[in-house]
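There is one chain below, alone, in structure tokens, taken in the form predicted alone.
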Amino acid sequence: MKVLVRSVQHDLYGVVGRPARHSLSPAMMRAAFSTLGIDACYLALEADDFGDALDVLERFGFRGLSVTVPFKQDAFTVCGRVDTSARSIGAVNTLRRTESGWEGRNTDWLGAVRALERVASLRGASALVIGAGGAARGVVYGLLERGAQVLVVNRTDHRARDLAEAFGCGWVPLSELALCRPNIVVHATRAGMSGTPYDFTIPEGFFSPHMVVMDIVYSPLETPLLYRAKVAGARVVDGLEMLLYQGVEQLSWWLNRPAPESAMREALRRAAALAVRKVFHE
């Protein structure tokens, strides 16, 4: 991992992932720091190995990190202390450096439920989560915490079964997806991100007007999955909403003060629009 940082006095934060260059988190966090009048820098950092990357960033003095795919479960293992939700989920998307080492939290679940709760009541709802990785674990945890009935589906059945058993919820084989009639659907894999192909198939006629469908992918903002859901009349929630709310929780924890939610939302939407124009002109 290569990190080029000049000698600076401001605090360092960043998002670590593979890939990370597509991330809109820098636009969101920089706007937040500017609004709060804090002299801090937030960078997008790509890495092949999470442990090696963390060693480098620690030497540079990074104070906080957002962790994205595929390193959320790796991040959990390096923490000296994690909160209750992260321990239950087994994955961390937020790190804070302390004198005794790295502390971890999972704010994905809060981001997911806050985004969904803007448009739907979760208590008693039937929810289907597509995926079984670190992000899916956070979504499943959050939905259960809010009182939803959850089913998990994944392209590999054994991973869906293992996730369901870990949280005490149900699962269905991908081959039986057409039989499911959930109120809420959350796609929690990176399929569709920046053109990444889908490695699963959603049957024709699956989406319906009574559904709320959220995709955690936000590049592109309208994924093929969300497009199909919208055409079918479902109410859709794009990935920027989850990104926003998990980021609000991250920043509040790092700084121990409220985050400027409206400024962060505006920066995200502006950055997403700019990314779309860039792709169009290319």
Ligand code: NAP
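Start at 1 with the first residue shown and count on from there. For clarity, every value in this text was computed on a predicted model and none was experimentally measured.
Keep in mind that the form predicted in complex with the ligand is not shown, yet the notes after this line are about it.
For the candidate set 90, 170, 133, 203, a heavy atom within 4.5 Å of the ligand in the model of the complex is found for exactly one residue, namely 133. Between the ligand and the residues 251, 229, 65, 243, the one pair within 4.5 Å by heavy atoms in the model of the complex involves 243. Heavy atoms of every residue among 156, 198 and 239 are located within 4.5 Å of the ligand in the model of the complex. Only one of 31-39, 217-225, 44-52, 251-259 places residue heavy atoms within 4.5 angstroms of the ligand in the model of the complex, namely 217-225. At least one heavy atom of residue 188 is located within 4.5 Å of the ligand in the model of the complex. Of the heavy atoms in residue 56, none are within 4.5 Å of the ligand in the model of the complex. The ligand is not drawn, but in the model of the complex it has a heavy atom within 4.5 Å of residue 193.
With contact defined as any non-hydrogen atom lying within 4.5 angstroms of the ligand in the model of the complex, 108 is the only contacting residue in 105-130.
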